[in-house]
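Take a look at this single chain in structure tokens; it is the form predicted alone.
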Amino acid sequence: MRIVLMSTPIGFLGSGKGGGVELTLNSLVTGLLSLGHSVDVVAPKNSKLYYCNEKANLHFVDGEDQISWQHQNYNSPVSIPDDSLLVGMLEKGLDLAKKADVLLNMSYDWLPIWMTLNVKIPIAHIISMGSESSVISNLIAKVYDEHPYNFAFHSKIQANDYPFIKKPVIIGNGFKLDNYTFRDSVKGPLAWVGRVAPEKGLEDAVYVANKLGEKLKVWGVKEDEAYASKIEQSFPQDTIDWMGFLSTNELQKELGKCRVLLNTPKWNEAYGNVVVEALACGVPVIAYKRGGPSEIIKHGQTGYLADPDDKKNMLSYVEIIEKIKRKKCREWVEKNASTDIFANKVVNWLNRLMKEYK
């Protein structure tokens, strides 16, 4: 197949602003190329793909970023800025798709989904969030009535946010395992990885570290500086070791040295990329039992699932984390979340979708 992938209009690839979509897109491109497919990627100016994806054609678009729906009210109206990056990317994607088999949209936004009803080109959508917008959820319901095979989700729990979808396509996610080195570091520090923003619940992980009298290593973009500062001021000085945003290669080198990853989201994560990245390095994970991570982590085998928002429960699991065999963590990723496994699921879905357009 020739597949055109449209990236997120929130930050260029490599900036970290696009969150998990950046890693998902690169993983998917790797898998599709290895299976012999042709891939074009439409992305914001300054974007970079992983070195292993150099055979993909990268097309740049300039313009103003969209505001993430995570940072808007559920009932907010659709807002499209002047010189919209989203509009430019969609125009470029549709133009390329005239000579391709399918346009695969990876942005969670209203316009590409609405366009599905208005062009004959097949537009497939990997939905990267739970229901974060009333207007988008209502539109997905409308499009689903006419094109029930045009949507895919990362996890069953995420798909449950859209109850009108009766038989959701679940594709999981995938990771290039060569990029992650297994390490048996049972005595290392505590880790936390993610965008530093309120919905990620960093303060709960800092609480755990403080109770243990340890430092918490934090990797990620400080998306909300005021939030980061407030957490810092709420705990003893130097409880947080701010490590910044690192590339996958650099992150895995450091993350693999840690004895456990704490995952503390306050909302339903669609999947939980950082959870799998940690497991790929052999690092067990303790996460709140909500969203995608609750489907990924095998309680007592690859980590523990704590009661949602229960910091003390999470702390109790940190104290017994050495019971988890780190090789089991890596083995789960090898069996369930490689780039080829992920790409095959996506290709099977796209083949089913395209039959509806013939």
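Since this is a predicted model, take the numbers as computed values, not measurements. Start at 1 and count along the sequence shown; that's the residue number.
From this point on, the text means the form predicted in complex with a small molecule, which you will not see here.
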{"property": "The small molecule contact in the model of the complex: residue 163, any heavy atom under 4.5 Å", "result": "no"}
{"property": "Partner proximity in the model of the complex: residue 219 to the small molecule, non-hydrogen atom cutoff 4.5 Å", "result": "yes"}
{"property": "Residue contact check: residue 343 to the small molecule in the model of the complex, 4.5 Å heavy atom", "result": "no"}
{"property": "is_contact(residue 174, the small molecule) in the model of the complex, heavy atom dist at most 4.5 Å", "result": "no"}
{"property": "Heavy atom within 4.5 Å of the small molecule in the model of the complex - the one residue of 202, 251, 123, 106 that qualifies", "result": "251"}
{"property": "One residue of 195, 142, 259, 92 in contact with the small molecule, assessed in the model of the complex (non-hydrogen atom, 4.5 angstroms)", "result": "195"}
{"property": "The small molecule in the model of the complex: contacting segment from 273-281, 132-140, 107-115, 76-84, heavy atom within 4.5 Å", "result": "273-281"}
